[in-house]
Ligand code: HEM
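So this first bit is one chain, no partners, the form predicted on its own, shown in structure tokens.
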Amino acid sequence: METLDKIKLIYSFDEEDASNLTQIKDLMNSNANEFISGVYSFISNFDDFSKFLPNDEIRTRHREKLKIWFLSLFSGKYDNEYLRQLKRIGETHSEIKLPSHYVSATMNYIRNFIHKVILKNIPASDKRDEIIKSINKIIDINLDIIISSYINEGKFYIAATKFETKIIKFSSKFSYTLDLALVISLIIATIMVFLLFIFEIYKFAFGGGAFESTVVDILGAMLIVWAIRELLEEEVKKLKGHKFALSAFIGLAMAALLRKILIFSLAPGKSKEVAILGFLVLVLGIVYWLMNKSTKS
């Protein structure tokens, strides 16, 4: 989760950069039509050009939006609303499944186009070099935010107020603390199940427990350990920034029900309970399969 100030700090983008960009606003405005023609000439070479821009109506609308975005690069106003617009652009590209390398390649063309206009119209000087550096920064910021929508939809959240920013930061830290606590709890639970596993063996060896029931209890404990391990692995991935897989919880529930079925299978008169639990396991198994199938697709 990044905020406006953090993004600017990462790219060392300051008021001087904003001033440099506004100084070439009129120059770029006079080259806007050439820019649109050049971009369309470039992207028309993409294999899926007609798929994403299939007709004249969509292309006309896209040209208008592309021109507005191009001129906004030199507006000098880079606030929360500006970043929200970039995020919406990225989300739109992600929704239509536009390959991210198309975006990167097009942005590289745009960078080179702007450089050529500057080199052609502004005499060599330190100021020209500063303007080019500012151009590189604003292009990189645009590309970063747009591409972020492909990687992680929640990476960039633009808070409207400082209070909202503080609340979001606190909530993020609190959520991370809860995840750590859950990982520790899972580790403790795993240790407790292992102790149960050892106790069952001890009870069978020295307490004269029934062989059949001991085997069932041991298998049940092993199922729970396996499920907890899966859940623990998913929590660790979440702490590293990956998306949490809800299927891990379903796996844990299935393991608990299977353990119960194993225990009930030894008890007389429990056929009704076993049937109900078996049906629940079947339902959870179908949900588990559907979730994994949708994730892979």
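A residue's number is simply how far along the shown sequence it sits, counting from 1. Only a predicted model underlies this, so the values are computations on that prediction, with no experimental measurement involved.
This next part talks about the form predicted together with the ligand, which is not shown.
Interface residue among L53, L27, V236, A253 relative to the ligand in the predicted complex, by the heavy atom within 4.5 Å criterion: L53. R88 is the sole member of R88, K77, K120, K97 with a non-hydrogen atom within 4.5 Å of the ligand in the predicted complex.
This chain is displayed without the ligand, yet in the predicted complex the stretch 106-114 from 106-114, 169-177, 182-190, 130-138 comes within 4.5 Å of it by heavy atoms. When contacts are judged by a 4.5 Å heavy atom cut-off, L66 counts as touching the ligand in the predicted complex.
Among residues of the shown chain, I43 is one whose heavy atoms approach the ligand to within 4.5 Å in the predicted complex. Mapping the unseen interface onto this chain, H62 counts among the residues with a heavy atom inside 4.5 Å of the ligand in the predicted complex. The ligand is not drawn, but in the predicted complex it has no heavy atom within 4.5 Å of Y82.
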